[in-house]
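Shown next are two forms of a single protein chain, provided one at a time as structure tokens under the names structure 1 and structure 2.
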Structure 1
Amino acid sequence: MSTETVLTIEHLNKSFGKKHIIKDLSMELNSGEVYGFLGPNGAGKTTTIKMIVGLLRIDSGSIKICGKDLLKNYEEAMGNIGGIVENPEMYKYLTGRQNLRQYARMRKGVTQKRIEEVIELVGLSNWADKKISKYSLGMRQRLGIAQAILHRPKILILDEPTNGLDPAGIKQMRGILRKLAHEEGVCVMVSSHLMSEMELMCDRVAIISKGELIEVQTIENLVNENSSTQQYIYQVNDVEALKKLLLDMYKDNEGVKAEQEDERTLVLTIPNELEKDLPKINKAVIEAGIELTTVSHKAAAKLEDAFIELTSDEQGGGQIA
């Protein structure tokens, strides 16, 4: 499936009174990807999303949706967007299918066949004829997505779509969004504070801090580039002896840590530049008479680690939101 740029943001600025919230923000989103939009509390995520969907006025800069300028061609541009900002609104006394029919009346060209397609896509076939008042939060979120994609938008924008969902609901939501992107070619832009979920869901992520874009990367590159240390798990017969040996070897290097996990397991943390020392370390362990059962590389750093490393200096601790 070929990709195209469907959302272009250039030099976007927004202020509230004297407070400059969004500062010269520029980014491009492509079809067929799940694009994560991350930042600490107050970084400007929701403000940016509200400008993209036309709920807030742009002070300066431009937003183009499928080549259509949001200010100059508002209706044409907005025709390519579906979204949920905050909670989806529904008629609780109607069924899921009746809600979709009502919403379809506001969109040209939405057929009954399309309504049935989106019901199946979001996994609500067995609940479509039940009243919304009987729906769980997860079902309402899924119906909200069905509403948002009825008119086949090129871009789906979701602000905290997994809020309040249980683990099963979050997993279902992730599957739906990835299917929309990778099989239907929709550009899915997601803002969320659940780092572990964004890591599983997204193809690329953008990190915003104090209204400025500080990084756009694939998940893999972002994690690898911002991980300054490596960890190795040692299984030995004498953890205390190993810990003393390692800390003596690197007593002048504050980046080296040796932490006991249990009576036979120690986790060694070393800066990336010392990874070449691993054969020397293992040789010293054996020569010291410590029985070494296994050495294994611990799982790579997570998105949360990269996020905190990128934002902590600027945000005083990098509170995730």
Structure 2
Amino acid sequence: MSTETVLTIEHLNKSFGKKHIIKDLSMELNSGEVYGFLGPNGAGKTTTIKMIVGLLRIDSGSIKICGKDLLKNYEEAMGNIGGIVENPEMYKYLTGRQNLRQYARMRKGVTQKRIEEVIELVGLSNWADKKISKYSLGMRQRLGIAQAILHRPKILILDEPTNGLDPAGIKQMRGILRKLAHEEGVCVMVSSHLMSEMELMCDRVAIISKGELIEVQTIENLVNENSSTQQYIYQVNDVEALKKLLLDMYKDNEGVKAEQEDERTLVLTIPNELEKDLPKINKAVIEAGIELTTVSHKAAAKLEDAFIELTSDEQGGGQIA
């Protein structure tokens, strides 16, 4: 399947009052990829998404969807987009199927068969004739997905799509989205602040902070590039002694850090190239008479570190705008 650029955002700007929320944002999204849109709360994720789906007006810049300008060719451009923004709110007094029929009437080429197909796909066959007022948040989220893919859009935009889903539902959703992207060539744009989620789902990730695009990378590159170091967790009886020992061993190497976490735990940070030294370090620890309970590799939250590193300001904390 050949990839093509389906969504082009150029020099997008948006202010609310005097507050400049989105600053000169440019992005390109391709068909067949799951594109993660990552940023801390208030970074401008939802604002950007709302502009793409026509909920907010654009101050300046342009959004092109499959080559059609959103402002000049609104209906044609929007015909290629499906999405969920914030909570999936449907007409509570209608059934799931009646809700989908509402949206089918507003879009081109949605047959009765297609409606049944998407109901089946999101696993709501037994609930389609029940009113939305009886649905749980997870079920509404599924119906939201059904609504979004009803007209087979080329771009699917989902704001926090796993909100309210149980673990099984999240896994199923991930499967649906990856299948849509990789088998049907849909461009799936997913926003989230849950890094672990993104790591499992996305092919590429864009990180935005304070309304500015910081980095766009494939997941592998992002994790590797921003993790030049490895961390190991030592559980010992005497943390002070261990710390002294380690710092003595590497007093010339600034990349090595030993930080005490609690009275029995120490986190050792070493550059990637020193990983081969581990057996040597461990031997020295034993020889120094320090009781070593366990050593473990701190592997989790790779993207999370990259994310915090990229979005943190001078004070070192993740910002909340």
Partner chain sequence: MLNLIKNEYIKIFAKTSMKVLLILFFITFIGFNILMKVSMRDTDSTDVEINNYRERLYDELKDDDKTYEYTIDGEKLWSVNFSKYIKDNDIDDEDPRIETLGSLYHLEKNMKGKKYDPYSGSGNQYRSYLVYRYILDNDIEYYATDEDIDGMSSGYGSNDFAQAFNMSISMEVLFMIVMVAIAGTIVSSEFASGTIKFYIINPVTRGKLIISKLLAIVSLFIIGSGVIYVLSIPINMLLHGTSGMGTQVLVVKGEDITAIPMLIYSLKSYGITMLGHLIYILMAFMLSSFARNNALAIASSIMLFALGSTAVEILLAFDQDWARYIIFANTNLTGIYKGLTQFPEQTLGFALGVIAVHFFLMILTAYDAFTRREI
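Because the structure is a prediction, the values reported are computed rather than measured. Reference numbering: structure 1, starting with residue 1. Basically, rigid core = biggest C-alpha set you can superpose within 1.5 Å across the two forms.
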**Structure, 1 versus 2, that is the form predicted alone** = 1
**Asked** C-alpha of R114: shift of 2 angstroms or more between the two structures, rigid core aligned?
**Response** yes
**Message:** Taking the rigid core as the reference frame, tell me whether E212 has a CA displacement of 2 angstroms or more between the two structures.
**Reply:** no
**Prompt:** When the two forms are laid on each other by their rigid core, does R264 show a Cα shift of 2 Å or more between the two structures?
**Reply:** yes
**Prompt:** With both forms fitted on the core, how large is the C-alpha shift of K244 between the two structures in Å?
**Reply:** 5.5
**Cα shift between the two structures at M90, which is computed once both forms share a superposed rigid core (Å)** = 3.5
